[in-house]
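Next come structure tokens for two forms of one protein chain, structure 1 first, structure 2 second.
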Structure 1
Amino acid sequence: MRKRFGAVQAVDGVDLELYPGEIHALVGENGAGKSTLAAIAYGAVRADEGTVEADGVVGLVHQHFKLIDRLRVWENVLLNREPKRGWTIDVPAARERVRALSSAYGLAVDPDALVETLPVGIKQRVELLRELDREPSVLLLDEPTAALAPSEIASFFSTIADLAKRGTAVLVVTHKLGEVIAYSQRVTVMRAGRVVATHLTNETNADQIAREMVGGEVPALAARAAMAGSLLLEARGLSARSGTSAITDASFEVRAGEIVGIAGIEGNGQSALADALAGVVPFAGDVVFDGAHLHADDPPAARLQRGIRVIPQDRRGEALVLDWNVRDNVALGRQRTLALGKFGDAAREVIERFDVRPPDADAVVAQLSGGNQQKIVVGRALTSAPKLIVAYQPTRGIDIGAAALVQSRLIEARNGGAGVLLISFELDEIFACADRVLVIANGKFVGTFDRASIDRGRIGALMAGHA
């Protein structure tokens, strides 16, 4: 199969076979093409080339839930397949069908619950039940455990293992190598749209898979900084929790004029780290920033005042007010310190330096592309005299041109004396920008590398939780 989106060859000549009775794991870094491949196999995305053959129905549980919040569980599960009595839906029969399905697979749900009231773990079950009602012989699961708590993951996989035992062919997309080793029988590794390896799981190990996932060479760094400067941020024994993300007893430092890359697989404590520094969640431990303590209860506004800038992971949810214009979004966070008459100047600076298109301060942010929205988020952080920049996945989901611009502006900010903490799930991004790399796994820092000592395979293995 092959599929191109604009300049991106998302899937580049992939062959994949799934067998009845088998859990097949599909792994790869963010952007490797896993979701696109699954969507092609399901029939939701049309491949440019290639064919898909399946013996029976193919089901797909999406990476991002596709449930209708305002409907009940049974309505979601049976949408467009509701049992009818005459012209109307046979509600008692529908409820019963969902109840029977849920008990057959050990996926407890209340058929009458409104989906919007359910926690993510239960929503996941509803998604799964909806596909199971179609009696798929092939079931594709795109990062099914991403939103689950660790305690829910084992029970989820026992359901999936049951399904496989009944003869279903299962594909599980994941980047959690522990899950691959524990639950799959076969594993395929993708990188940059291609399959780099397929193994029987019991003939490989997490180290080998991690090395295959990250592959490639370490790129040379453009425009090296002369020298890292004075100590800017020093954290000792930092612990924090944000949702299901946790970081424990982390000690690290960031110097002025240095980009410190945090390399890790998604879900290993990165959110807790970023949120603790941003002031969104409390932390324990000792943090000194720019010569003075940072207190766990210092609000985000006080941190902004001191020169900490955060580029959050979720630009639409955490960084922008989508129905405001560019000008007001650029001023956001500086509304108390920036004279009203200067809002336009600040916006123009971001628009010019970050090549925002259209170059219009009055444009409503919701109408810009993701790449241009991100330029505003990054531009706002970098044009307001930042001392420390916490950049969380700063190029996530944006096109290559916008990503290159964001990275080169981060490097410029570092050359100008700012310290940067770059949290990224993409090793290529870390290697392209960072002066020093800290590896995070299971909420702990497990390795440090400077540019001279970077070892891609070793970093991959540490990321996978192998010391």
Structure 2
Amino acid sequence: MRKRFGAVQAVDGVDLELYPGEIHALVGENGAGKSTLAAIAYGAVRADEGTVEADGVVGLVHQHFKLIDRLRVWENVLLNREPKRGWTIDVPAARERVRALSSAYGLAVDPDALVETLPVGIKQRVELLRELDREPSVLLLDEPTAALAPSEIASFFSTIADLAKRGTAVLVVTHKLGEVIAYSQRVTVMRAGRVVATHLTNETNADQIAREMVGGEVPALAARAAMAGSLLLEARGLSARSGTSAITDASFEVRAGEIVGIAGIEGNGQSALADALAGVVPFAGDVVFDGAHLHADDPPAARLQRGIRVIPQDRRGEALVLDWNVRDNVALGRQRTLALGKFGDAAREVIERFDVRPPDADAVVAQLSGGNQQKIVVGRALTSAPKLIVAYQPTRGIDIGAAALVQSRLIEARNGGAGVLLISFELDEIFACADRVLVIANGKFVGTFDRASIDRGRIGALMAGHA
């Protein structure tokens, strides 16, 4: 297969075979061509050269959701396949079909919930259920666990393994090498649009795959300086709601030169916490930032002026204007204070420090890979003199090298005196970066650990609601 987008050769002479009953992992750096190849196999993108042959229905779960936000869950899952009663849709039957489907696959959803009110992780479940309802013989999964909690991933892959046992050919596009080793039978590595290796998974290891992905050694995290300083953010009795997410009577602190990690299963109040600090939703309680109170009705622009930077969980829906170029997206939030002639300088700084590919400030963001879009969002926040960084899933959907780069930049910001509130569903990321860990469950903080006392088992139990 070959596919070019403008000057970028996204896929360059790739051969790939999938077999019934097999889970095949496809890995590579951001921009390696993985998602494009999956979209070609599905029929969503027309290749310039090559042929695709498939036996039966091909299903694709997109990395970026293809949902209709103003419809309910059951309407999205069963769109164009709704059960009928005469000339009308049998709504009770539709709800029951979605309930049965979600139960069978261990992907709990409320059939009547409006999609626009759901957090990212639940939206991803809806995407999965929509394709599983079609009973595909070939299932293509593009970053399927990017927004699932650790406790949900094993259940998800158990479902995928059952599908494979029934003869489904499964391709998993992923950056999570632990999942590759644990759940796949074969793994193909792409770099710069080409296949560089294919292995039986039990004959390779994560270190070898990582080196093949990046063409060398994976960069180490930045060194951590011991420098937690003065109190930067103090919240007392913080309560807020954002969609279906709620946090209640939360009290916590973030010091300058400190990364505070929030560990919890998706849907336990993280969105409400981030949106309250960003100024997207009102809050109750007392919040003091940099010596002065934050007011519940302060708009996001006021938070930006005071030095609060937010890396949202949904880059496409909340952080980027996809039809704009890199230069203008980097300027967002600073367009009133950054001289027009400096837009290009700001974009070049992000491109260089975060290795955005292609390195072109005029590139339209919609044409970049998801990982390179994420680099722009993170780079914009970290290169604009932040005092407090609220980083919500900052490495979601990016490859192992890019994740290490982003984590290093967060640590460098912390070493430079910024405070960081890191909300992540990847415990390894929390443990690698955080100076302190707060555990959240049911909208409340239920445990605190400093770096020396981090206990994975205990934190996992608290996340699951076991005191």
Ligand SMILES: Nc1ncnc2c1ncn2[C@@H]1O[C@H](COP(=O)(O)OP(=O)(O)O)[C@@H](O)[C@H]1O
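Between two forms, the rigid core is the largest collection of C-alphas that superpose within 1.5 Å. As the structure is a prediction and not an experimental result, all values here were calculated from the model. Every residue number counts along structure 1's sequence, beginning with 1.
By the stated condition, namely the form predicted on its own, the second structure is the one that fits. After superposing the rigid core, the Cα of residue 63 is displaced by 2 Å or more between the two structures. A displacement of less than 2 angstroms separates the C-alpha positions of residue 457 between the two structures, with the rigid core held in common. Superposed on the core, the two forms differ at residue 29: its CA moves 2 Å or more between the two structures. In the core-aligned comparison between the two structures, the Cα atom of residue 79 sits 7.9 Å away from its counterpart.
Taking the core as reference, the Cα of residue 185 moves 27.0 angstrom between the two structures.
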